[in-house]
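Given as structure tokens, the chain that follows is alone and in the form predicted on its own.
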Amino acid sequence: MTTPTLQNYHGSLKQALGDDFLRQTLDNFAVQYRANRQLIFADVNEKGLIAEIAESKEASLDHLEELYAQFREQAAKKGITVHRAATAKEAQELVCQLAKDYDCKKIIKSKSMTAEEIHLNHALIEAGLEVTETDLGEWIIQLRHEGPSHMVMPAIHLSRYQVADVFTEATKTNQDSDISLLVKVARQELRAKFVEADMGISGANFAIAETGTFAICTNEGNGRLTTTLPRVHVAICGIDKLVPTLHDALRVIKVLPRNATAQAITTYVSWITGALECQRTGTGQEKKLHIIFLDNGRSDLIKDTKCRQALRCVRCGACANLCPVFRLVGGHRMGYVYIGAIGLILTYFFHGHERAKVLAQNCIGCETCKDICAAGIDLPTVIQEIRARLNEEYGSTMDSALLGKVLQNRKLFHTLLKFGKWAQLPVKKGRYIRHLPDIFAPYQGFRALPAIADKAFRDLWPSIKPPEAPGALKIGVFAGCAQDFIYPRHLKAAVDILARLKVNLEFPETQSCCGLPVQMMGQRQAAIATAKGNIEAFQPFAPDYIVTLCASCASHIKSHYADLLAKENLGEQVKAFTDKIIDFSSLLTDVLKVKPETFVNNQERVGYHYPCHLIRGLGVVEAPKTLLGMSGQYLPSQEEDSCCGFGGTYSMKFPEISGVILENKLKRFEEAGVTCLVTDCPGCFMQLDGGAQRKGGKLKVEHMSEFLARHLAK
């Protein structure tokens, strides 16, 4: 695979989007996986177990050299030869040398992502060795000269008809597309390979320091055959797979298959301790067992305080399973060797910054991967860190750099937005932009774009500020840029509701954008500047709470301001600000304890789209449904908590993906019989409302504040 440019990467994405089988397969799998995973975790304290694994993995990383020394000592007692490879090339050379030393000509392999990482097959073939993958999926993609499209299901992107064609070519015999028959063909073809092999190569899911044991988890019997039949067995293992005890490994096994494929346990868990493996084989030759611990940048990554958590990864692949981008384009477009969210990160550290430059941009920031990670890795935050580093290393794109410069200057930013109100007049039609030339907004035809409002909220505020309510709660209003300048009606509706509930409201005029757009684009300095400015803006008012109608703003402020400003000596001020941030729905239900009689319920058929940063970033689930139940007939819909495809600037950078996600999202609400769709984020509103307008259907889209204000009792 050549290093992609953004232009040829877009071409590759469009090709994948045109593959109907790929899209349907990955979508069906995601829906089924979500349901099955929920069932398989029903009897497990999922969050508690993941927290334990994260803590255990971090402790292992802190003592990795000690664990390696202990494993090597214990393994040597059992006849295992332990090697350490600093680089991928060194690991390749070690395996090739072992094959030469033991006069091995034919090699079989069980599934190993670490072997994929170092491109081992290419090195072995160049050395004149015959190499055969024995995992069914890996064998299929080997025959197709491809890499895996998923860490656990490497051939998930292929139909049975495509596999039949591959087997037909490999066997020179026409093969039926019946799956059971294809499996029989694979077994028949591979059987001789097992018997004839001189060397078996495996990976290792764990390496247990206290006993010198390593283990592999598989769903096929090929793993056991690969590790036992050949006279030489070589295991390749990332040094991060070292754990202190069997208990640490068993804890991971409890979550790994559940997270990977929604199984309680894999079909086979093979524990390999040298004493059992170093016996005479049927050929009369002594069995040889070697394990190679691969570094390949891992030692440096351990020292990287912002990104080292990526080494907790247990290789379950779940970060891809529900990823809205992966579901559309698959792993060959969303990764290099490792795929999904973790793949965007590991490509940067294992395969070069240049190769990661485009891939790292293809994260929509929905946080599904963080929510589902078996090791508690904050994947979106690490990806944002990598974007910032890539910007610093290679320079920003023009649009990214310009946005960063503008947002650092609040007055300039607001002046430009106000100027935009006049500049848009030739293309404005009501609340929407009639048409923008592709030079300004290419490929945005999948949605209607909103116009800048005639009057910003900050200009409306003096005339709509409610009278003071003595002794009542003091609530600051954080507007964010979209609702201040594009959707001031959302904020005005919220003011109407809060005035009815008798609170004191304050709107500091010097506040600005929360900084999330530039954070997502890797513009670190701009994100820091906006964070500092917003804290300073609210400081004089000392509110009890700071409400925002944007879930993304709230999540960004709570999750990232402390880290962004860690070097600014503002610890107490940052905490005082972020602790007071609350989303609109939670303010109404949890703080103000709003009652059903506040609203008139006319049983309007209403659906709810959970903004990604509300349900996953803030953990808010019940508040929106409670409010909609008071004011309408709430209709649940399939995957109402899945991403809408907006992702801030993502929808401008990858419109081909954003548009398809939006289309699928609206379709599910229409199928549920929803007539009014409500959300709690202006970005999601922009996407959903724009899509509904472009479709010309009857689906009405409103912000929660609009919907509730419309149902206020007189």
Partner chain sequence: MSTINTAAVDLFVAKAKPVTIQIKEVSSLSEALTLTLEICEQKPLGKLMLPVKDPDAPRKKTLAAPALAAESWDYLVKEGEKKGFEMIRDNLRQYLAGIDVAFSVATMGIADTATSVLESLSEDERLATMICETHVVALPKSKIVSDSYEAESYLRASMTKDRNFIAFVSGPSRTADIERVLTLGVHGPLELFVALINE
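Numbering follows the first chain given and starts at 1. Quick caveat, the model's predicted, so the values are computed rather than measured.
Form predicted in complex with the partner chain: not shown, discussed below.
*Asks:* I need to confirm a contact call. Of 135, 484, 240, 367, which residue comes within 4.5 Å of the partner chain in the model of the complex, counting heavy atoms only?
*Replies:* In short, 135.
*Asks:* Quick one: from 180, 305, 463, 173, grab the residue that has a heavy atom within 4.5 Å of the partner chain in the model of the complex.
*Replies:* Contact check passes for 180.
*Asks:* Is residue 102 near the partner chain? Define near as a heavy atom within 4.5 Å, in the model of the complex.
*Replies:* It does not: once the partner chain is placed as it appears in the model of the complex, residue 102 has no heavy atom within 4.5 Å of it.
*Asks:* Using heavy atoms and a 4.5 Å limit, would one call residue 73 a contact residue for the partner chain in the model of the complex?
*Replies:* It does not: once the partner chain is placed as it appears in the model of the complex, residue 73 has no heavy atom within 4.5 Å of it.
*Asks:* Applying a 4.5 Å heavy atom distance criterion, does residue 273 contact the partner chain in the model of the complex?
*Replies:* Yes, residue 273 is a contact residue.
*Asks:* Does residue 507 reach the partner chain in the model of the complex if we count a contact as any heavy atom within 4.5 Å?
*Replies:* Contact with the partner chain, no.
*Asks:* Given a 4.5 Å cut-off on heavy atoms, tell me which of 244-252, 359-367, 619-627, 470-478 is the interface stretch with the partner chain in the model of the complex.
*Replies:* Every other range fails; the passing one is 244-252.
*Asks:* Tell me whether 49, 153 and 269, taken together, all sit within 4.5 Å of the partner chain in the model of the complex, counting heavy atoms only.
*Replies:* The answer is yes: all three residues contact the partner (heavy atom, 4.5 Å cut-off).
*Asks:* If you apply a 4.5 angstroms heavy atom cut-off, which residues in 216-233 are near the partner chain in the model of the complex?
*Replies:* Heavy-atom contacts within 4.5 Å come from 219, 220, 221, 222, 224, 225, 227, 228, 229.
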